[in-house]
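Quick setup: one chain, the form predicted alone, written in structure tokens, and binding and motion questions come after.
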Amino acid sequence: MSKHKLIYQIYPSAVGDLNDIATLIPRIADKIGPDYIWLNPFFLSGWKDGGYDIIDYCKIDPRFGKMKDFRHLISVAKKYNIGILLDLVINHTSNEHEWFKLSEQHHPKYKDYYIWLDRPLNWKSFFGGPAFDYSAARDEYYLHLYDQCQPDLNFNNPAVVREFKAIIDFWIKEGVAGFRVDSANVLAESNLRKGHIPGLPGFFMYYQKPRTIKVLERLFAGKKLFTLAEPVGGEFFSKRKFHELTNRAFNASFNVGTLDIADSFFSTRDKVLPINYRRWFKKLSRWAPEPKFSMAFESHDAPRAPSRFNTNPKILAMLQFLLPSYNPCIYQGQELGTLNADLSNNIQDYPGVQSRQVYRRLRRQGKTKEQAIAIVKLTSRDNARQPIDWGEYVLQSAREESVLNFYSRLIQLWRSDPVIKDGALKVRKITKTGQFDFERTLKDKTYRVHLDFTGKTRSTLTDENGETVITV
């Protein structure tokens, strides 16, 4: 079995229902040929955070169809040798989940399913504001590392682990090939009474503790699945913690946090900084050779990369697939060169809870409505969650020099050429203005890559004979 796996991410609400997704699979298979398609949550949800506030993990939200539709999607994917990965959101549930409602009422079975304290700690949530919220029904405070509608589960309770083992088994029986685990490294903390760390989000107190790794090992032990981690805190992810997480619990680690080094602190989404190419390229060079690192430049949580980096999408494709790239992930529409959406000037039109929170924070900082909305429009993850024109697949397929056909040719090269697949990486030059030169070498063959994000010089891949293989 090849260690190289290509993942294609689909955010269902930007496509339609499960049947709509099934109809896209043939064209995605033809041009991209992924090994896996990762579906963001389509489970029953309160839909306050784009499906990540789950009410029932084993029910499909009616907006996406029924179980028979999911089974049809699985059958279509199998025809093209594509495995389906589900988004496993296990750090928290919706506050509308039956477990939480019963926990609020001190139900004997569920009272310890969540993190409850008689007083709040001074942690901040990842989305901003306090990480503890008061429940009048229980007269205690519950932890939410994300939004207040997303109470954190208590993975020190073995019953919670058993619940998710059953959920995983349920979907395995339905034919899924694996899972992408949301917020994989912040599941458990051994001592809740510590952690008075003003100015830092509460997840730092949960950041990949030994208990988390043990929980993940228990969840997936003995199962033949492809598992993809999404660890939070990319700026602080050491090689030691990466290996600890992936070697013991995952096949690969998807971490768009490596992008935040390009325009540092971009994840706060309340400021726009110039791209620091030198810092970004050095970071990518450090992580790319890791066999379990999933190279990703776009996701449902980030604005579109060509807009963010103000560059040709073909050059981004070259960066992703010509660096060592064992488990690359393509986000829907990325292969079409999709740009940021033309988002509304009215913050009430933004579905993302994070966008609204950033807007309020900017207004409190003294920004005018116009200044605040301008920043949100550039940085909002709602840019990636808009419907795209899938008719572009037909139009771009007919144009030889289209972004789609460029991706297709590049992926074929990535799959077939030994130097691109397994060659060693040697960095030759990195400039602060956006030029990146590196080599890939395998035995007596050396390929040279020159990338110029400014477009002032042609970006090229040349082989050992000096012949141009790709140029943009």
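From a predicted model like this one, the values you see are computed outputs, not experimental measurements. A residue's number is simply how far along the shown sequence it sits, counting from 1.
Although not depicted, the form predicted in complex with alpha-D-glucopyranose is the subject of the following passage.
Taking a 4.5 Å heavy atom cutoff to alpha-D-glucopyranose in the predicted bound form, the contact residue among 189, 104, 301, 260 is 301.
Residue-level contacts in the predicted bound form: of 140, 182, 382, 290, one residue has a heavy atom within 4.5 Å of alpha-D-glucopyranose, and it is 182. Heavy atoms of residue 92 reach within 4.5 Å of alpha-D-glucopyranose in the predicted bound form, making it an interface residue.
In the predicted bound form, residue 334 stays away from alpha-D-glucopyranose, with no heavy atom inside 4.5 Å.
Taking non-hydrogen atoms only, residue 52 approaches alpha-D-glucopyranose to within 4.5 angstroms in the predicted bound form.
alpha-D-glucopyranose is not drawn, but in the predicted bound form it has no heavy atom within 4.5 Å of residue 152.
Listed stretches are 370-378, 208-216, 113-121, 174-182; the contact stretch with alpha-D-glucopyranose in the predicted bound form is 174-182, by a heavy atom cutoff of 4.5 Å. Annotated contacts: 43, 61 and 164 are all free of alpha-D-glucopyranose in the predicted bound form [non-hydrogen atom within 4.5 angstroms]. Residues of 389-418 that come within 4.5 Å of alpha-D-glucopyranose in the predicted bound form, judged by any heavy atom, do not exist; none qualify.
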